[in-house]
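First comes one chain, alone, set out as structure tokens in the form predicted alone.
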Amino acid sequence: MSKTVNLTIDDKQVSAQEGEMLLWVALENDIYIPHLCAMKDYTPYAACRLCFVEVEGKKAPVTSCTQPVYENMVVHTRSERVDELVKKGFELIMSNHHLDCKNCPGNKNCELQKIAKARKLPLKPKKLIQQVNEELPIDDSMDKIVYDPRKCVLCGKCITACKENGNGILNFAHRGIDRVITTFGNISLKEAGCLDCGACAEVCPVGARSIKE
């Protein structure tokens, strides 16, 4: 049986179950840490590289989604090193993101907007080299959901949701700037046997997968 531990996050003393991941402990105590890919109760893999924090006693910042809490842990969610890592990670994501907030179904309910506001980061940084493949086709083959791969942040949440609630037809393909989340053979959702359950849209942190109006 796990035991209760006491720790300090940004000078706030909190309690948690030993072994809980720091990200969720912070969020549950109203301490915001930027994140895109983490899903509670699922194995974290720190893909987005945005949830960095500093833990006293550790030489380098750590990803809070993979860091278990322990007794007398002291955490700082903001520092020069942390802020720089989050800024660089955010800029990298935005360099491969089709920015069209006004017409995006995720507008005002978007984790990118939330991160930008919380950390005072521009959604369109100056001198940003855009690497978005504008030729990636929008998949609207289903009655309920639509997928715009140009807005995908590669968090992988839709893959997990599809495995848990659908037919498990989604996965990562390719590498580098060509990396996408797609179906096997890159066929449409309908051809791949999508159940149109909408689970992927529910977990999408941006507007890449959405419910049709």
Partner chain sequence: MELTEEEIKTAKETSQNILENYTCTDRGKIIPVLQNIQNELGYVPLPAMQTVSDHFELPAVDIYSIVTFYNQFRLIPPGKNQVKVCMGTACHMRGGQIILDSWERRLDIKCGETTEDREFSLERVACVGCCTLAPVVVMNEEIHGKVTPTRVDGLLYSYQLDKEQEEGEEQEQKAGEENE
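What you are looking at is a predicted structure, and each value in this text was computed from that prediction instead of being measured. Numbering follows the first chain given and starts at 1.
Beyond what is shown, the protein has a form predicted in complex with its partner chain; the following relates to that form.
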*Just to confirm, residue 168 within 4.5 Å of its partner chain in the predicted complex by heavy atoms?*
yes
*Contact between residue 144 and its partner chain in the predicted complex at 4.5 Å, heavy atoms?*
no
*Would residue 160 count as a contact of its partner chain in the predicted complex, using a 4.5 angstroms cut-off between non-hydrogen atoms?*
no
*Could you tell me if residue 27 has a non-hydrogen atom within 4.5 Å of its partner chain in the predicted complex?*
no
*asked:* Within 4.5 Å of its partner chain in the predicted complex, counting any non-hydrogen atom, which residues from 167-197 show up?
replied: 168, 169, 170, 171, 172, 173, 174, 175, 182, 183, 184, 185, 186
